[in-house]
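Single chain ahead, by itself, as structure tokens, in the form predicted on its own.
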């Protein structure tokens, strides 16, 4: 058992079963033994690889998307360019290189990274070089101003609660102990839940619904800033419009494993439901786009043309790797459809390039 596993086992023995979101938060964010507090998990030598690490093209075309929004909104002389969960800083570095081609844009951007891990802050500082950067522990301390925020694989790491349907009631997933003292999943007694009453229409006995309290709260707070001061938010993550099924998973060394096996030593994530993000944006007075597959968005933003240009100087293995990276980011059988995207802009402002309008005709 990992050191954090031993800590959690003692806590459960003393206090009883632990809610899944509390378990996930401890595994990822415990200051002494948490996953993100103690390591750099990204890349081939880590536990997983994200789109910006696959190819520079990902950040470059998204940077040009932000550039067009900046122009569409009157090219504000100062704006907040923010990224929560920025990993190694690769996406932000690629964005900054891309927007440098637009006169005045780079000078107007104040870079702010939302990152609690000292380990990852040091990696980000090295990646971004001399560029002035301000780090934050949370969204709350970002300064006022137009907000241009991009969140790639951020929401999937926010703690979730799981509920399994039992008749017209719901049993919540908990973490308990086996007779031998190992961490194991279990269920609390079923109870009727008003917030899940609408899901009785599209679920059956035994179905699992996941709720991420932090995801719509974060999206709503971002949308409120955008509604008041302008800007755009782009969320990119694996998921679907609405939660259905158990998607809680652990990854260590690029290999799936039991979420209960090595707490604090494996990455824990769950698929993102985009419907609550759109609802939170509307409630805050902003305009959400339709959910758009990552591959569709990147193609609309010109990733194939960029790939062709970069390929001109490549041969052999380097060219093969480049072609594979383009396919991995865009093809429906790879990340192109598994990953979905959503943009939030001010009500009445032009939609972010590459995104379809939401079906809701309010905006």
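Residue numbers count along the first chain shown, from 1. All of these numbers come straight from a predicted model, not from anything done at the bench.
There is also a form predicted in complex with ligand SAH; it is not shown, and the following applies to it.
- Contact annotation: residue 55 falls outside 4.5 Å of ligand SAH in the predicted bound form, judged by heavy atom distances.
- In the predicted bound form, ligand SAH stays beyond 4.5 Å of every heavy atom belonging to residue 212.
- For the chain shown alone, residue 164 is not a contact residue for ligand SAH in the predicted bound form, no non-hydrogen atom being within 4.5 angstroms.
- In the predicted bound form, at least one heavy atom of residue 157 sits within 4.5 Å of ligand SAH.
- Each of 50, 83 and 86 places at least one heavy atom within 4.5 Å of ligand SAH in the predicted bound form.
- Site annotation in the predicted bound form: the residue of 296, 338, 319, 29 reaching within 4.5 Å of ligand SAH with a heavy atom is 29.
- This chain lacks the partner; the member of 291, 266, 114, 133 within 4.5 angstroms of ligand SAH in the predicted bound form by a non-hydrogen atom is 114.
- Heavy atoms within 4.5 Å of ligand SAH in the predicted bound form belong, among the stretches 65 to 73, 299 to 307, 325 to 333, 29 to 37, to residues of 29 to 37.
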